[in-house]
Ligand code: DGL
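Just the one chain here, laid out as structure tokens, in the form predicted on its own.
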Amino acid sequence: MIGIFDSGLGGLTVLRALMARFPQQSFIYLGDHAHMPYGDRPSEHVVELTRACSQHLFERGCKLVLLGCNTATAVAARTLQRNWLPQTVWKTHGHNILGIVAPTVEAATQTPWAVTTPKYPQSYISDRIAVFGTTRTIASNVYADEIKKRCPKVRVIQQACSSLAGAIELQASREDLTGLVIEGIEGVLKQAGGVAPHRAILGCTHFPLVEDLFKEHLPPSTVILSQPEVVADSMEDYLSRRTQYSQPSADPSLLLLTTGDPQEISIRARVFWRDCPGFQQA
């Protein structure tokens, strides 16, 4: 059983990619809608909320929890992995927590996460990598810092798209969404002196819903890295090496949980998944 945690609904894009890649795997999704958005909360609150939700997923039978949220990953993942989990009974039973930043950085740099010092040829790569994200994710500098560890000559161009995630959830018109995407792209190109980035990270799990708009308005030469597929690729490699977390079933199950109002969240979830099953109370 694999648990997917998000502060809201964007993680459903990651869940759906994983379900498509692992059709015989059982999943539990937990959205902490009672406390969203995490971007406005102090870091210690984000850590504590992420810890509590990860523990809840462990208690529900998940041996592996994926933080399908860039904010939770950027702010809380390292603290939970290094300071909390090793001191718990869960670690002794083989449980683990993963985030979605690591596989995204691996894909952007073509460097394993374990490599934290420059190696050849990555130490000589001078590409431009754009990162589109929420204000909190961009402010954390997690992508810039981790990319620079592995590829110090790469130029990381960060662009906060502060209104885009909210507009997606509110089902804004395509015209309005296009305007917000173009605004973000223009911000990147302005920072880059009009030169196209080689790769672009869509560093918010909402953004895959408008990936077509990014493709339409980014320069044709820019390769887009969309997190759901990148994470699914990484998870496939991870599970192939750690089979204790992969439990294929002839009758796989899916449970969607929320700390908010299940009826309200079930309706809102249809923006991300038209035929989304109903949520239950966590």
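Under this definition, the rigid core comprises the largest set of C-alpha atoms superposing within 1.5 Å between the forms. All residue numbers refer to positions in the sequence shown, first residue = 1. Owing to the predicted nature of the structure, the values given are computational and were not obtained by experimental measurement.
There is another form of the same protein, the form predicted in complex with the named molecule; it is not shown, and what comes next is about it.
Contact assignment for the named molecule in the predicted bound form, among 204, 75, 108, 185, heavy atom within 4.5 Å: In short, 204.
Interface residue in the predicted bound form among 142, 97, 165, 131, criterion: non-hydrogen atom within 4.5 angstroms of the named molecule: Here the answer is residue option 165.
Partner proximity in the predicted bound form: residue 137 to the named molecule, non-hydrogen atom cutoff 4.5 Å: It does: once the named molecule is placed as it appears in the predicted bound form, residue 137 has a heavy atom within 4.5 Å of it.
Non-hydrogen atom contact residue 252 with the named molecule in the predicted bound form at 4.5 angstroms: No, residue 252 stays farther than 4.5 Å from the named molecule in the predicted bound form.
Contact of residue 231 with the named molecule in the predicted bound form (heavy atom, 4.5 Å): Heavy-atom contact with the named molecule at 4.5 Å: absent for residue 231.
Residue contact check: residue 65 to the named molecule in the predicted bound form, 4.5 Å heavy atom: No, no contact at 4.5 Å.
Listed range touching the named molecule, judged in the predicted bound form by heavy atoms within 4.5 Å, from 270 to 278, 20 to 28, 257 to 265, 5 to 13: The contacting stretch is 5 to 13.
Members of 65 to 87 lying within 4.5 angstroms of the named molecule, judged by heavy atom, in the predicted bound form: The stretch 65 to 87, when checked against the named molecule in the predicted bound form, contributes 69, 70, 71 at the 4.5 Å heavy-atom cut-off.
Threshold 2 Å Cα movement between this form and the one not shown at residue 209, rigid core reference: The answer is yes, as the C-alpha of residue 209 shifts between this form and the one not shown by 2 Å or more after core alignment.
Threshold 2 Å Cα movement between this form and the one not shown at residue 83, rigid core reference: No, its C-alpha moves less than 2 Å.
Residue 73 C-alpha moves between this form and the one not shown by 2 Å or more, core aligned: No; that C-alpha moves by less than 2 Å between this form and the one not shown.
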